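Only one chain is given next, in structure tokens, and it is the form predicted alone.
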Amino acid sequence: MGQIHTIGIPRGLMAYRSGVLWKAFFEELGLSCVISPKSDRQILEKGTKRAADETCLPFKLYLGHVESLLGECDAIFVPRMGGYRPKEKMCTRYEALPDLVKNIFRNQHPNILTVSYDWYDHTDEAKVYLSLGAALGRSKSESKKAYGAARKKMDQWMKAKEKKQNILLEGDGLKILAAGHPYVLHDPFMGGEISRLLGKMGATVVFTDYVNREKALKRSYHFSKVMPWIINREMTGAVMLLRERVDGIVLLSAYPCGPDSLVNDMLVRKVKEIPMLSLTLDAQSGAAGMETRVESFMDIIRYQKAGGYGNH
């Protein structure tokens, strides 16, 4: 692979879930990290030109982030993520991600650094990072030490998010739970704009991915015993844990996500006791045009909290 000093990390997909861990691991090994810019219309247009029409919005954005890193680093980190356990797997796009990126950018000859999280190999996270360190020419002891420090930093980051969110949930005012994949919830071009709108309308926004992952995963089995996708499991488990602590739920999905089309419909059918708004973002408009629907949703919640028809 040649000498690597700088690692590029596309600001998309699982970077919103595991990016803190990735960056810390590389830096603990003495490498520099370059993070692609925040998503915008230009990055989407770059990715859309590279992708097939039926590709989901997050993947189109991801390709735009990869393109923005070409020539800016020695290697671009694109992990292959199948999952850790047979019952809790990833969308197949993650399993093929390095191959897709290599093929789509084959004329640019990108230097792709990858590693596999594959449940069928009976792997675990520590082994994954030891193999990643070996690919970078580091010894087992160096990689083990770097992973331990990075894991600690990731855990601290997650606990800080959980603590802050619990404080918000104990506060006054309307609380809205934004439910979805982390890269939809927090990407500025997608869920970030919806959160901004909700905040502008006076809501405190909390997120399904800032709930303890193991607790959410365990709780998800009360919702479905057979659902295979781990991110959707974490999301639905968090909804189950928080639904009594919020005033409304906004389900955010990106077109055309197959797992979300099934899971979000199940949530709408099963969770009846709280107002729920389902929004699907697409490559044509992103979050544009959603303001009227969000305003109406907030009006409904305020009306219900005021007593609804019982007050008139």
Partner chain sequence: MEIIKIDDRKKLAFPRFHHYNLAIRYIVEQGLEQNYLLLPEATKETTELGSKYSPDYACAPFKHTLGSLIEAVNAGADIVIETGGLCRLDYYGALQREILRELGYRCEFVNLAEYMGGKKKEMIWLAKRLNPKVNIPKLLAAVYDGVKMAEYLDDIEALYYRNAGFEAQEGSYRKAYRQFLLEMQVAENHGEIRDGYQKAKQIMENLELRRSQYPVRIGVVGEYFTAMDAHSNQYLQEKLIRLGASVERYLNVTNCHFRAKESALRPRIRDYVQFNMGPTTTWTIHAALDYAKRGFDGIVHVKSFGCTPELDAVPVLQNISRDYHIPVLYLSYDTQNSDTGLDTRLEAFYDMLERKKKVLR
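Numbering follows the first chain given and starts at 1. All values derive from a computational prediction rather than experimental measurement.
Just so you know, the form predicted together with the partner chain exists too; it's not on screen, but the next bit is about it.
This chain lacks the partner; the member of I274, C33, L70, M266 within 4.5 angstroms of the partner chain in the model of the complex by a non-hydrogen atom is M266. Interface residue among A126, L217, M154, A96 relative to the partner chain in the model of the complex, by the heavy atom within 4.5 Å criterion: A96. With the partner omitted here, the stretch from 101-109, 187-195, 171-179, 126-134 that lies within 4.5 Å of the partner chain by heavy atoms in the model of the complex is 101-109. Shown alone here, K270 lies within 4.5 Å of the partner chain in the model of the complex, counting heavy atoms only.
The partner chain is not shown here, and in the model of the complex it never comes within 4.5 Å of any heavy atom of A149. Looking at E45, you'd find every heavy atom of it more than 4.5 angstroms from the partner chain in the model of the complex.
For R80, a non-hydrogen atom is located within 4.5 Å of the partner chain in the model of the complex, even though that partner is not displayed. Using a 4.5 Å cut-off on any heavy atom, the residues of 40-67 that reach the partner chain in the model of the complex are, in sequence order, A52, E54, T55.
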